[in-house]
Every structure is written in structure tokens, then in C-alpha cells.
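Two versions of one and the same chain are coming, encoded as C-alpha cells; call them structure 1 and structure 2.
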Structure 1
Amino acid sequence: MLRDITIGQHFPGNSPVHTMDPRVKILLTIAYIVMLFIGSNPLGLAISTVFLALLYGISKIPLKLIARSIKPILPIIAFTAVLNLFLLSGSGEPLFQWWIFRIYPESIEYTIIMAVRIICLIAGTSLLTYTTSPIVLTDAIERLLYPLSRLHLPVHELAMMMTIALRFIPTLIEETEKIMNAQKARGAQLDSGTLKQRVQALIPVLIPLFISAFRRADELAMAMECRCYHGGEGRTRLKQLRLRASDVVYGLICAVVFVLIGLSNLWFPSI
């Protein structure tokens, strides 16, 4: 049950998408998200979808994994789709009318575009986390935010906090499962019973979980101090990120596709 949470879950591989410089990948992902909103027309979204499918194909990530990352947001998609479908009004005659509900051709179009856009958004950002290990990812974020440290923003500390948080997600998930099993063994109704009973049954899980999280934090702080951790100043890195020729080439290819998505607005007005 808890294993289905895929945020920050890395799917190791050796494809060009995996080996690309993480900084470039982050920037491209941001650009992709922006383009999804700029090129929000049928052609633009078609290009975005095909492009993303292509990248998933290259990185050899199984379809099941993509489906798993989209599954949790399906209710949101369905909710917005229903709202859009019934609340938007079009200019022409409604296609369908019943009581206060009217459906116009425009609202159908908008609903589909909206749904595709959300799916692309989630699948696109998931591609980044699937192909980049969390540690590399925060490293890249630290590098990208480095200029902000001139403004006395604690960039290194923020990145370290993110690394630690990401590092402990799987550990805490595992811990939660263990505690849940232990309480289930004592008859806690976590997988059966009414909704109210299930919510109440969370207390015996959350309290031990918090206590163990605090304990882990103490232990980690102690271990870091024992190794003389003193913040980012004067700290060198084991793995230096270096831009390679391939990163530039792939980056440019993506940029061309993004320009195409943007240009699609010339043919179709963006909604």
C-alpha cells in the first residue's frame, strides 16, 4: 500500500536521459512545464505528449511505473474535469442540457486539454525523479541556487535539509509499515473497519513514528557532528558536476521542441 508512493523514487538506468547533467535536466523540466501552459492548444499539447512519450521510451521506464505516479492524482483530474465540463459556458448552442447542467462543445475541448495538461505535468516531473537519484538532484539544485548565496540565502543548508528529507522518505515508509504491522497484530483496524475507526487507528501508528523520527534526527545530528560537519563553508565535493558536449546537444534538441510547442500558438490560439 505505502510502497505505491513514487515521489522521489529513482528507477536506475543507463539511458541518455539518465546520464544527462542533472542541472540541465532540472532546467529543461521547468521549461517543459512552462511550455505546457504556453502551448496550451491541441497541437502544442500533442507535441508535448509525443515528446514526453519519446523520452520515456528512451529512458526505458516501464508503463506501469508511469501509471503508478498518475494514479494518486486521478481524483483531482476527474474533479477538475467535471467542474470544467459543467461550469464552463460556450458561445453556441449547448450539446446537452438537463436541469441546470449544460454541456458546450468548447467545454468538452477545454476539459480534455486540461486533463492532458495535468497528466503531462505529473508525468514530466516524474521523469526527472525517475531518472535522477535524489542525492544528485539536490546537488544540482544546490548548484543552481548557488548565486543566491550572495544574497545570504543559506543555499547549502537548504540543500542539505532536502537531501536528508529525501534520504529518509524510504526509511520512514519502511518504519511506518513495520509499526502498522505491529499494531495490526494487536488488532488495530487499519485495513478494515469504518472510516472513523481507521482514522482513530492512525494514532497508534503516528505516535511511534514521530518518536522514532526524532530519535533518528538526534542520532544523525550526532553522527554528523562526530564527522566535523560545519555547514557549507569551505566544503569540497567528491563528485563535481561538469557540463559535457552531449548535455549541450540534448539540451538544444529539447529547446527546439519547446520552440515548436511555443510556435503552435501561431496556428491555434492558446486557451
Structure 2
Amino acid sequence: MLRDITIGQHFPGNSPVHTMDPRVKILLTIAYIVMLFIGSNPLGLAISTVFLALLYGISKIPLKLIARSIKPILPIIAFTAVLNLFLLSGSGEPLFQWWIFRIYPESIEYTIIMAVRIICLIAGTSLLTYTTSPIVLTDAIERLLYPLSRLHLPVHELAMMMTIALRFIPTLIEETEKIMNAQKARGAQLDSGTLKQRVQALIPVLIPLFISAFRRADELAMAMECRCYHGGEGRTRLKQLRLRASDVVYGLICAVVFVLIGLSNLWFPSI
């Protein structure tokens, strides 16, 4: 299960999605998330899903990888689907009724829309990290947050912390899997027993994991100090971010799609 978590991983490529300006990709990702909630109707979500599938096809991200990124959230989707299916009421007669549980056509439609929305949300945000390296992502976040530096906010430090946290997610997942395998080899029962026993069995995993995380953080801080790292003041970059004509064209195409998603509310009411 831990190997299925792909958050923070970067997969190099030369597709138009990979070479797009990272600032534009961040803004488009935020706009896509907003439109998922604005166009909360069958047509809007259909456009959002097809558009996201086209982006994945253009970026040449394997379908197996997309399935791996969605697999860890399937229990959450199933849990929310059950709650929405049985707790939401409708205006007409229920399709199914047993004891206090009733299933209405509106609850089925809302459940499907909610599940598709969560999947598109995870897949859409994952596409950003799949096609953008952590270093470039740091520069893009810092440039977007630059106006806040006039308010004396540590913009560079904030961008660096967010990117380091995102970068170390795969490392911590790999470390967790190694610790769990080591504990299983010593006879730890991590996959059996009652819920209380499983929680107690995780303690020998969490303690080494926290120690390893703090050790890695200390080593990273020491390495940055040894290289005379002093934040963003006076810092130069090997690659400068420049907005190209292709970025504007891609952004306008995405804006047209987002407008279509918003206009879908004229034909279908949002749920």
C-alpha cells in the first residue's frame, strides 16, 4: 500500500505539460480545483475528467501510475460514498428502503459526482508534481508569492519548506516500508489482531520513523549551512523562469475549458 503513494514524485519528460512554465501550471492547477467545485454537475465533471485525461495523455504518464496514485484514497471514497448514499434524502420516493436507511436517486447522483470529484482532485494535483521538478517548483512558488515579501513575509523560506516537505514524502514512505519489514522480520504482527492491537503494533514503527525524520532534517540543515546557504537574499538561479508564447497559448486553451465547465451550470444545476 505504501508503494502506491506517489505524492511528491517527479517523472521527467519533454511533453508540452513538462515544459510549461511552472507558475502557469500552479495557477492552472488552482483554477482546475476551483472549477471542480463550481461545475459540480454531470456535464461539468465530464468535461473536467476528459480534459484531465487529455493532459495525462499528452504528458505520457502511464495509466498504471495514475491508478497507483488513486488506490490509497479508495477507502476514503468508499466511506464518503456510503455516508452520502444513505444519509442524503431526496424529494421523491426512495429506490431502496430498509429499516431507517433509504436510497434516493438524488443521493446516487451526488455520490457518483462526489467520487469523481475526489478522483479528479487527486489526479489533477498529482499531475503538477509528476511534471515539475522540486527545484523548479520552489522557484515558481517563490515567484508567485513574491508580492507578499513587501509585507516582510519570508517568502523564500516558505517556498523552500513546502518543497522540501513535498520532496521528502517519497523518502519517508520508503523509510516507513523498510521499518515495517524489519519489524515484521522480528515477529511484529502489523496486519492482524484487533484495531487496538494494530494501533499498538505501530508504535515500534512510528518511533524509529520520527527519529529517522529528525536525523534527516538535521543532516539537511547541516549540509545547507556548510554550503553557506542564507536564504533568498542575493541568491541567483541557474535557470531563469521566463513566460513564453506557448505558455500563454496553453493557458488560454485551459481558460476556455474552464469557462465551458462554468457554463455547464446553465444546462445542469450544481449539486
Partner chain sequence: MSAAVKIEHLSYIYSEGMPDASVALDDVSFEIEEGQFIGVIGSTGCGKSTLISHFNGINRPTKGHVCIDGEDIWANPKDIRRFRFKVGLVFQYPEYQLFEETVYKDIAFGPANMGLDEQEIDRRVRRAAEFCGITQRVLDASPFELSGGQKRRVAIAGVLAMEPKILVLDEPAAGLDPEGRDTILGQIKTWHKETGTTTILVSHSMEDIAKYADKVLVLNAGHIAMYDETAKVFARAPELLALGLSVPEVTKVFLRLREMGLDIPADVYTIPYAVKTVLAAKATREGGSAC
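Basically, rigid core = biggest C-alpha set you can superpose within 1.5 Å across the two forms. All residue numbers here refer to structure 1's sequence, counted from 1. All of these numbers come straight from a predicted model, not from anything done at the bench.
- Structure 1 derives from the form predicted in complex with its partner chain, whereas structure 2 comes from the other one.
- Positional change of P170 between structure 1 and structure 2 reaches 2 Å or more at the C-alpha, relative to the superposed core.
- After superposition on the rigid core, the Cα of A67 moves by less than 2 Å between structure 1 and structure 2.
- Annotation: Cα of A213 displaced by at least 2 Å between structure 1 and structure 2, core superposition.
- Core-based alignment between structure 1 and structure 2 gives a C-alpha movement of 2.5 Å at M160.
- Core fit done between structure 1 and structure 2; CA of P204 shifted by 5.1 Å.
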